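Below you will find one chain, with nothing else, as structure tokens; this is the form predicted alone, and questions on how it binds or moves follow later.
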Amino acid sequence: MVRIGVLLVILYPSWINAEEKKVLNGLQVHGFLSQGYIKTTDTKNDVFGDSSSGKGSFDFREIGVNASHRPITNLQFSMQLLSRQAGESSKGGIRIDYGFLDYTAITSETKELGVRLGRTKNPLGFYNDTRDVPFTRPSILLPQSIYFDRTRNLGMASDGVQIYGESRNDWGDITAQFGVVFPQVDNKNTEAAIFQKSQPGELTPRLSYIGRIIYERDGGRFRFGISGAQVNAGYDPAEKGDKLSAGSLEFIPLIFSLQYNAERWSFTSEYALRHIDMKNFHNPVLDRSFTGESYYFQGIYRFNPQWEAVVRYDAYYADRKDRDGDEWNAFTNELNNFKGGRPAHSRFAKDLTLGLRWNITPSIMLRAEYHRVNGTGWLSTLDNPNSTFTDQHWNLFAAQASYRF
């Protein structure tokens, strides 16, 4: 709470003079804050804190401030500080969400080419670039089959260099981004997602690659995108008491994105294949290679500028060859001498979401949504350290109040 208070002090002068300070000698300042509430009806499945308790969890808040400065026409500096409280995976400390130098080498009415250097957002799917700001998300929780909150730091941004370009023509617009980066793996939520628990050694980033191409027509009425990455990481075992060897991880996601926007409604669908190759850990649970699969179908209807509704079906399978998780359950059961393996439902999740958004003013938004979930594949092991005691069928209710300037 002390760190959040410090950030509030930083933000306060911007709030009281927001319009005056948004543009000051080429400096633009914006920010946001939100407070969320999560209640899971089952007494065993927790999301962003102790949500399965009788009172639910208010342990979900986001506070951010970003600034950009353009000293000359083709050069811009951008940075965002973020404090996020989301259960055990994120405890509210202030961190650099992104910070980079952006140089535009070529710009005209029909094309643009530039380079970014520093910590840049990962160009994955339609929503990853802006998912940190509540107003830009289609729902409180993004489809967890594509945009995992349990590995949020890994998915959000990377450190390195990114080349981007755009071509605008009568037949449509194409934007492309390609990066050579080092992923953010030195955090406990990434470690917990990979190893299922804390380890004495450390994950270390290795040179990785990421890219995305998006095609648009009619000012964004129709959008189609392909994005992917090769994420590489290693493990440095502790000198004493570490049962793991110096293993390596290769994660290759490939995402196909499609969206159609009309005056009152939007339809979005994304499909992903995720190949994971882990080796040399000298651990039978970790030394594996498999391909996961996930997709969602989402519809948004805008009743008027103030009110909109969302409905979505979201499906996640950790291993496309073991969709029901039975093989995983049998494998881990055998490793444990038939004393209880990891549940089959921890390898998949099917989520039906209904949500409502109320834009009270351009700066204030309220949201509420309901999830009916079959499976626990995207639950965080930090909030649920023992997956054996989670239930397959469960409900989630979420509400959120957000403000931006």
Partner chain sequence: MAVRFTDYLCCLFLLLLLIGVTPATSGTLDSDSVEVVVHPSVPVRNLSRNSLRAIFGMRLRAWQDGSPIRVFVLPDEAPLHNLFAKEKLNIFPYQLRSAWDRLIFSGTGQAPFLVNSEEEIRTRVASTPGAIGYLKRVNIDDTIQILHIE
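All values reported here derive from a predicted model rather than from experimental measurement. Positions refer to the first chain, counted from 1.
Form predicted together with its partner chain: not shown, discussed below.
Its partner chain in the predicted bound form comes within 4.5 Å of a heavy atom belonging to G220. Not displayed here, its partner chain is kept clear of R206 by more than 4.5 Å at the level of heavy atoms in the predicted bound form. Contact annotation: G54 falls outside 4.5 Å of its partner chain in the predicted bound form, judged by heavy atom distances. Under a 4.5 angstroms non-hydrogen atom cutoff, its partner chain in the predicted bound form has R116 among its neighbouring residues. Partner contact region in the predicted bound form: 108 to 116, out of 108 to 116, 277 to 285, 196 to 204, 85 to 93, criterion any non-hydrogen atom within 4.5 Å of its partner chain.
Across the proposed site, F178, H345 and T390 without exception lack any heavy atom within 4.5 Å of its partner chain in the predicted bound form. Taking D170, D326, E239, E334 one by one, only a single residue has any non-hydrogen atom within 4.5 Å of its partner chain in the predicted bound form, and it is D170.
Only one of the listed residues (K39, R372, K44, H69) places a non-hydrogen atom within 4.5 angstroms of its partner chain in the predicted bound form, and that residue is H69. Scanning 248 to 264 for heavy atoms within 4.5 Å of its partner chain in the predicted bound form gives L258, Y260, N261, A262, E263 in sequence order.
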